[in-house]
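Given next, in structure tokens, is a single chain: the form predicted on its own.
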Amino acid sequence: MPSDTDTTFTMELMYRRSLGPVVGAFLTGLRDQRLLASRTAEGRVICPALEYDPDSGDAVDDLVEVGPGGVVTGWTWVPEPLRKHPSDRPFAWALVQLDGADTALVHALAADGPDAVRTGMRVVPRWADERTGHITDIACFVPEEG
């Protein structure tokens, strides 16, 4: 029996959303192992691609390819993954700024342990064997060799 301070609650909202030309292209790119970003009118490159410039609110429809490699700009270690996490092994959630992008995206980083992760390390995506046009088409990022 759970204590008065230990309660688990899961709320789910089922809805459908049209992806539109920008997010749809971003996800199609993932399926095709291409990483797309939005270029704003000021030339800022935002990845993952957004439909609107977060600074001006202007629509953004100029897509550019970035990556595939990038740099870790921040991270946190997950020593005990939960069932809903993308890995059943300890991993890091990392902010990865892909080459050519001005912003970072959050994704899982597979590494041997927290001592194997550092801000500034180079990483590349490990693509899922079967890709469906979803963020999980990137199975995870891994340290770049070489």
Partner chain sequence: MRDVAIVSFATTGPLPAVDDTETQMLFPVISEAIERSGIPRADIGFTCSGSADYLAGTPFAFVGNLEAVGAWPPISESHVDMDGAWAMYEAWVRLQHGDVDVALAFSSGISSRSDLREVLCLQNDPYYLMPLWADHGSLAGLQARAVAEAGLVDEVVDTVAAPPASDGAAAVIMVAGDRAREVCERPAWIRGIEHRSDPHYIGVRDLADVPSAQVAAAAAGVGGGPIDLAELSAAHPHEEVLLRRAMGLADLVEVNAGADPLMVAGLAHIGAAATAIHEGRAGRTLGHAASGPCLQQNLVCVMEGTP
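Model, not experiment: these values are computed from the prediction. Positions refer to the first chain, counted from 1.
One more form of this protein exists, namely the form predicted together with its partner chain; it is left out here, but the text below deals with it.
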{"query": "Listed residue (Leu50, Ala116, Val64, Met121) with a non-hydrogen atom within 4.5 angstroms of its partner chain in the predicted bound form", "finding": "Leu50"}
{"query": "Distance check, Gln33 to its partner chain in the predicted bound form, heavy atom within 4.5 Å", "finding": "no"}
{"query": "In the predicted bound form, Ala41 touching its partner chain (heavy atom, 4.5 Å)", "finding": "no"}
{"query": "Non-hydrogen atom contact Val60 with its partner chain in the predicted bound form at 4.5 angstroms", "finding": "no"}
{"query": "Its partner chain contact at Ala101 in the predicted bound form, heavy atom, 4.5 Å", "finding": "no"}
